[in-house]
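The chain below stands alone and is given as structure tokens, in the form predicted on its own.
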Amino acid sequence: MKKIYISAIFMLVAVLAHAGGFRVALQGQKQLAMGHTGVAVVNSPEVAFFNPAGMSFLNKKFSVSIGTNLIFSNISFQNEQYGWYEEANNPVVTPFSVYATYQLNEWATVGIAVYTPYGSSVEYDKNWAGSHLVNDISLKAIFFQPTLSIKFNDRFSIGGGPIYANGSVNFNRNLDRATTNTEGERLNVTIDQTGISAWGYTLGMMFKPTTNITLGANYRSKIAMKAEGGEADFQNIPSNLQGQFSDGTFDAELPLPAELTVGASYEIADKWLIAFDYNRVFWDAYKALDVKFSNGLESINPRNYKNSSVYRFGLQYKANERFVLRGGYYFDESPVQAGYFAPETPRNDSNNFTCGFSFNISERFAIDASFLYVHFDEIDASYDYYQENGSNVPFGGTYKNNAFIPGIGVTYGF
């Protein structure tokens, strides 16, 4: 009995590693509208995130960009064999970004970037068929990134800086597939932790072989998030098990993977700009999750994610001095391998379509808008490593999900 409950509980904390499914690629309105390209694009202080080396090529001494998005997502699950059907209740999520740059002199520019690259909010009905894996999750992470860019000449620059990450999680699930207490209530646990923090870094370079061609590369390091002393609140526990599962704390180390992005942009006749980015995410760092509870119990949960790639294409058209139009597309591979597909991160390969515009109110002030439609491929998949009575019990079915994501922002500079 004890082994059954413990193996179920440890799956909870796995969502803290973000599991690929809730990596939020919304780090700027202009660049998002262009297919989220940006490692070789210099058109706003958003470049502080995409490639800090490009800050030195901005044409304004000071510039700031602020934006936010609304994520409307839909997730459905069905297993025809058992007659299961569920639609997740997904509250609207509002990731944001703030970027500011300042030219110290002709060769040095400093900047600050604050953004939310990880986060989610998913709610299933209590006691649904997969409640032993997840009932609901609220996940937030904010990154703070001071940066410095050095321009060696009109063709080449480098840039980089430290990244400070701070996050929180609240997650609830039932302890197993069916057990209730004497009142008929399902046994469940809530894990809650705030103030999870860690450090990483970003490095970039930018090269302009000609006046209309730009090449760029950016590396973002792995960040090991350590949850220490998080709260574990066990609910509806029968009296004969309360000694084993009394409220306590947990510790875990949670990897956010390193990323490498390379790309190029080409300006055509001062009107058109096309861009391509290739992004490689090193998810193979997420092999398993070691979890320790304050009662001395320990477990390792296999994940065995694979490295994944994102292919991005973007287009920008300067219609006139007031309007700039943008569009793009990117294909995002899932890092989840067969047998490791869990409902707290129900994602597969996705096709992503973007568009947007900027309206320049004046030489200093502009309004930026973007729209992203995410379509995940329908998939029949399962998670095969949930243990009960000493055996693996697969849980799976057909997942369908998509998302509609409008965004708005402002840019100011002089």
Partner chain sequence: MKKILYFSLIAAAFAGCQPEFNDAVNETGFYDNGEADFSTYVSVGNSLTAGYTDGAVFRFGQTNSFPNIMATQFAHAGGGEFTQPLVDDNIGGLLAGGQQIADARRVIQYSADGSPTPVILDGTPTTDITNIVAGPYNNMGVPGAKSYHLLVNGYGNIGNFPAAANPYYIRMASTPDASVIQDAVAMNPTFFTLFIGSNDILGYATSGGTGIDQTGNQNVASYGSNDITDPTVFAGVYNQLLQALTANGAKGAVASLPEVKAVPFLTTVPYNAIPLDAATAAYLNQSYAQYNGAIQQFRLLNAITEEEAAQRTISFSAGQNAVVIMDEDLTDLSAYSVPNLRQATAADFIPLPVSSVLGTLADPNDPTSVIGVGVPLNDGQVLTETEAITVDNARMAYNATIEALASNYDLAFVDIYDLITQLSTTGVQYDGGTLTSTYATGGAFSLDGVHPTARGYAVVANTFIHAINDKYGSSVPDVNPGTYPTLYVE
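Note that the coordinates shown come from a computational prediction; the quantities given were computed from them, not determined experimentally. Residue numbers count along the first chain shown, from 1.
Form predicted together with its partner chain: not shown, discussed below.
Student: Taking 4.5 angstroms as the cut-off for heavy atoms, does Asn389 touch its partner chain in the predicted complex?
Tutor: Answer yes; at least one heavy atom of Asn389 falls within 4.5 Å of its partner chain in the predicted complex.
Student: At the 4.5 Å heavy atom threshold, is Ser197 in contact with its partner chain in the predicted complex?
Tutor: No, no contact at 4.5 Å.
Student: Taking any heavy atom pair closer than or equal to 4.5 Å as contact, tell me whether Gly184 reaches its partner chain in the predicted complex.
Tutor: Output for Gly184 is yes: heavy atoms within 4.5 Å of its partner chain.
Student: Check Asn74 for me: does it contact its partner chain in the predicted complex (non-hydrogen atoms, 4.5 angstroms)?
Tutor: Yes, Asn74 lies within 4.5 Å of its partner chain in the predicted complex.
Student: Pick from 176-184, 155-163, 314-322, 109-117: which stretch has a heavy atom within 4.5 Å of its partner chain in the predicted complex?
Tutor: Of the stretches listed, the one contacting the partner is 176-184.
Student: Quick check on this chain: which one of Ser138, Asn79, Gln235, Asn301 has a heavy atom within 4.5 Å of its partner chain in the predicted complex?
Tutor: Spelling it out, the residue with a heavy atom inside the cut-off is Asn79.
Student: Can you name the residues of 397-412 that have a non-hydrogen atom within 4.5 angstroms of its partner chain in the predicted complex?
Tutor: Counting only heavy atoms within 4.5 Å of its partner chain in the predicted complex, the contacting residues of 397-412 are Thr398, Tyr399, Lys400, Asn401, Asn402, Phe404, Pro406.
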